[in-house]
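The chain that follows stands alone, in the form predicted on its own, written as structure tokens.
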Amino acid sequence: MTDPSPRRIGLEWLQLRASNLVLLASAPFFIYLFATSTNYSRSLAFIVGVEEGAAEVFQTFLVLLLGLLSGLIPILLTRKSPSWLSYPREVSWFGLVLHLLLMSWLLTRWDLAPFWDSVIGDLLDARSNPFRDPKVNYPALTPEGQAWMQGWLEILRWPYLLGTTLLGAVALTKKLPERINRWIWRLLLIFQGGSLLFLILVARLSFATGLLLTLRAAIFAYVASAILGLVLAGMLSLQPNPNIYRRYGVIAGLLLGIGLIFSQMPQAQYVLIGTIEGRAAFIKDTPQRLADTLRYGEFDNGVEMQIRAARDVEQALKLYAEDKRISAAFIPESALPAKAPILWRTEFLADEYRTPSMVFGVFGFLLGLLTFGGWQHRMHPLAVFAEFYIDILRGIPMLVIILYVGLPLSGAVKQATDGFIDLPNMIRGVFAICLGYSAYMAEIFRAGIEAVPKGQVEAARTLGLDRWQTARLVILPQALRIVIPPLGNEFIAMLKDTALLSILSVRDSTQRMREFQASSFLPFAPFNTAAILYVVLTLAAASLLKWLERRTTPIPKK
């Protein structure tokens, strides 16, 4: 019988498909193109995000990355290593020695000023922090800031080196009780792992700001959408019990009742006084919908009026009395001056009552609908919600989701919280991609869960495992192994869709490509460079996922 899998070329850990071999063979041409063409080399530098001091920052980053990895990963894997990642025990000791040598070399011999400029300078506010240099348009520390960082480095470097090395050696020997060893691993995970995650996922690195922004957006969105997709898949598998509809119906009724109580609160009474020839003074915190009513003349016998914002009632009346351009004022009826002509009288529910009334009412109505739908089809109400979410989100284009979440929804959240929650554009875009792709992720996880034989679930229940233990120990390990290939495809698709974040002015590789093309007027070089960059990224991701798939596929017994 012939092997149906495609023929691969190369070592076991670096097997190449024929299509990849063609791309690899053409790599020298692209290297020659970027090395000899000024237009292409400039395009690549700008799109990747190479900034001043990039070479020094890259060297520091490389040594720091190797030092942290060598000191953390082998020690953690000694405690609990998956079956597909086995290695000799001596590698852990080699990693610990390498960590000590690299970090000692870096912290005692290197000039870290460019690294502080790029990483620490980006975290400081240029307008208020005295350690941030306001004279340049890129992150940089003042001489006082550099001296402050160097002082902390002098204090912390030797305790850090000796502490991490000693803890790592103790953890590798395993001579102490298990409880103490567990705490040592947690400390190493917090200090070394936290530093590693900050360096890879958060720190601003001036040798590849645009490229790292693209990769980080894809990674954050992928992790968040996978978690949300897994939650939705779990909701789809919920089974109803006889009391679930009564319980959810009561909750829906309570929510509707609370919304009704808020809607019956006393209403505010306002009047529009004056004439319609000029502008209308409008108090700042009055609901926006009333400002629109005045602006478009949608009141009794009204005409379109221009609005002049006022800080409070006193300022609105002062503008009405003294400013000749202001002919009207929209004020509470309780502050109505004597003999003032009334153009329009209205009453409305204040936002402090209207917003909770609408929120409780909408959630109560939605929960009631889900309960009724579940009762009709003998499904759990949360399973009906998961189906509704998946059907809706899969039907909306990703660009529309990004625009909706990034502009009106984020603006509404900012307004509702009085500016307390004002998310950066990067987080808005990641949240939007997470919402969109979680619908696809949920279907993938559902397929993987349903592929696990029912007999294994029944056997787990027979052994006394509860529902959570059955899911964690029996279903999810097998389901995740099954869905690795489609999850890999979703990551590649998500990596490309991060280009849509440029619509929110996120300065990823695509936005940088547009900026460079607009400033240089080059017709092809920026677009070709961005396309090649994305191809390289997706091929690297596909190769990594293929390697992971091969390592996690169980070898059939002969």
Partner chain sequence: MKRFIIAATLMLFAGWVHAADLGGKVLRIGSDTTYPPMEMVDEKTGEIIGFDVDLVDAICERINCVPQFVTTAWDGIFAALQQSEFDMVVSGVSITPERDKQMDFSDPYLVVSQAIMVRVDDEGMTLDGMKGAGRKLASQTGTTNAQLAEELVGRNNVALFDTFAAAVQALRNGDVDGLVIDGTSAAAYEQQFAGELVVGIRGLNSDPLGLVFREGDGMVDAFNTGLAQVKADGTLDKLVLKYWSE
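All figures in this text were calculated on a predicted structure; none of them were measured in a lab. Positions refer to the first chain, counted from 1. C-alpha atoms forming the largest set that superposes within 1.5 Å between two forms make up the rigid core.
Omitted here: the form predicted in complex with its partner chain. The next part is about that form.
Across the proposed site, F220, L370 and L548 without exception lack any heavy atom within 4.5 Å of its partner chain in the predicted bound form.
The closest non-hydrogen atom of P28 lies beyond 4.5 Å of its partner chain in the predicted bound form. The shortest heavy atom separation between P139 and its partner chain in the predicted bound form is within 4.5 Å. Contact annotation for S263: none of its heavy atoms lies within 4.5 Å of its partner chain in the predicted bound form. Taking the partner from the other structure, its partner chain in the predicted bound form has a heavy atom within 4.5 Å of a heavy atom of R325. With its partner chain omitted here, the record of contacts in the predicted bound form names 311-319 of 311-319, 429-437, 112-120, 166-174, defined by a heavy atom within 4.5 Å. For the residues L66, L33, I503, I532, the 4.5 Å heavy atom test against its partner chain in the predicted bound form is passed only by I503. Interface residue among S520, S37, N528, Q59 relative to its partner chain in the predicted bound form, by the heavy atom within 4.5 Å criterion: S520. Of all the residues from 210-244, none has a non-hydrogen atom no more than 4.5 Å from its partner chain in the predicted bound form. Fitting the two forms on the rigid core leaves the C-alpha of K318 displaced by at least 2 angstroms between this form and the one not shown. A291 is among the residues whose C-alpha shifts by 2 Å or more between this form and the one not shown once the rigid core is aligned.
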